[in-house]
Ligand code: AMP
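To begin, one chain is listed below as structure tokens, in the form predicted alone.
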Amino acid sequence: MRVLVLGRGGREHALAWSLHRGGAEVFALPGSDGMQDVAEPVAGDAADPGQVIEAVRRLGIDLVVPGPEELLVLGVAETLRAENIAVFGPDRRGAQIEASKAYAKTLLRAAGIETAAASLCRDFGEVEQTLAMHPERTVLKADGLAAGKGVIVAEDAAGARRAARRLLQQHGTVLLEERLRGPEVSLIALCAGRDYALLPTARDHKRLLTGDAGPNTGGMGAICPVPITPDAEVCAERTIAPLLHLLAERGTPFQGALYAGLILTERGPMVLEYNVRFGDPEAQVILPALEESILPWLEGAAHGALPNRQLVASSAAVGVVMAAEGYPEAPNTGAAIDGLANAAKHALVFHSGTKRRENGFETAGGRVLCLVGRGDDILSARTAAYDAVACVQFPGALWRDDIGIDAAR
């Protein structure tokens, strides 16, 4: 089978790795230098449907797997399906679940899914009115795509006001949500209409600095699996199944990866957000933890029939992101990276933002690498990941030293 992955980051590298593991011949448009161990890069613009279709025809592609959410919002999936090309991912209507936080809230309410109370504000006057009535609504979300960095958790109403001004300037509207407390977990389902199969649970670490300090980022590391109460199946019955049924009833069945960001509160599991693709860096730990390739599941979902078995984790995985100096605001690029060969002796090395140079690789993005250790438990996987981190050097490298530390105790 020939598979075309759309995208170039660490998530796409992990997808290509898993598909290659399943025996597929993998191509990536545009791909990256760091993915060449498992996928052949294809020149082109993944956001241009014409270029994607031309590559599919020329290469004899059997399945297309878009990575970034932006491509799904632009409608790449429905454009390919109109050309009778098998694709794993929702159409533009399904992608609105991630593209608009306000729209997602309306779906949650209609489906009876527990979530934080929220108010959509279109100007600063509405922000002031909301905080006067609900001073606990100090979680602010951009009502649009923000590359995983559109959520600000303010400590008080004053901080919420400052954040709201910035998000209003950037996006025009802002969602103010009640702040919920409890452990968070990422629950991702591979969906074909009303049917779904759960991936092992994961937990992302969003803050830049050790101890969950500093600004939100696209993700500084992740662990898989995460023991949760109630278990994942129960959480899915409350947060995945009702949404899939609602969408099917409305004539817009969902096909692709549905990611529920959950918080386990005293009131039970509640949805913080939905995404419509694999998480990044969650994909980098979930896919290596599986005992099999993801290939038959993506192929099955694309054709409307999932395999009749469960997806099982055969190991634990811990991923540590190494980021460039200045990330997330103004990352430096062009720094030489040393030690990758030694790192690969301890862990999987997924490239998020690198570029090949004459004698190796250099930094070419904010998040540079994700080093993924595997083991029988989180502790051993964490040890392997940090052994790999210790091998890698580049000027100004940033990483957290506490990824998975709580789960390893």
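One rule holds for the numbers: they count along the sequence shown, beginning at 1. As the structure is a computational prediction, the values presented were derived from the model and not from experiment.
What follows is about the form predicted together with ligand AMP, which we do not show.
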Open item on the list: Please pick out the stretch from 321 to 329, 295 to 303, 174 to 182, 160 to 168 that is in contact with ligand AMP in the model of the complex, where contact means heavy atoms within 4.5 Å.
Closed with: 174 to 182
Open item on the list: I'd like to know whether D91 contacts ligand AMP in the model of the complex, with contact meaning heavy atoms within 4.5 angstroms.
Closed with: no
- [ ] Tell me, yes or no, whether K206 is in contact with ligand AMP in the model of the complex, where a contact means a heavy atom of each within 4.5 Å.
- [x] yes
Task: Partner contact for I97 in the model of the complex: ligand AMP, 4.5 angstroms, heavy atom - done: no
Task: L272: touches ligand AMP in the model of the complex, heavy atom cutoff 4.5 angstroms - done: yes
- [ ] Identify which of A236, L247, A116, A104 has a heavy atom within 4.5 Å of ligand AMP in the model of the complex; exactly one of them does.
- [x] A116
Task: Proximity to ligand AMP in the model of the complex, single hit among C121, I240, V139, L190 (heavy atom within 4.5 Å) - done: V139
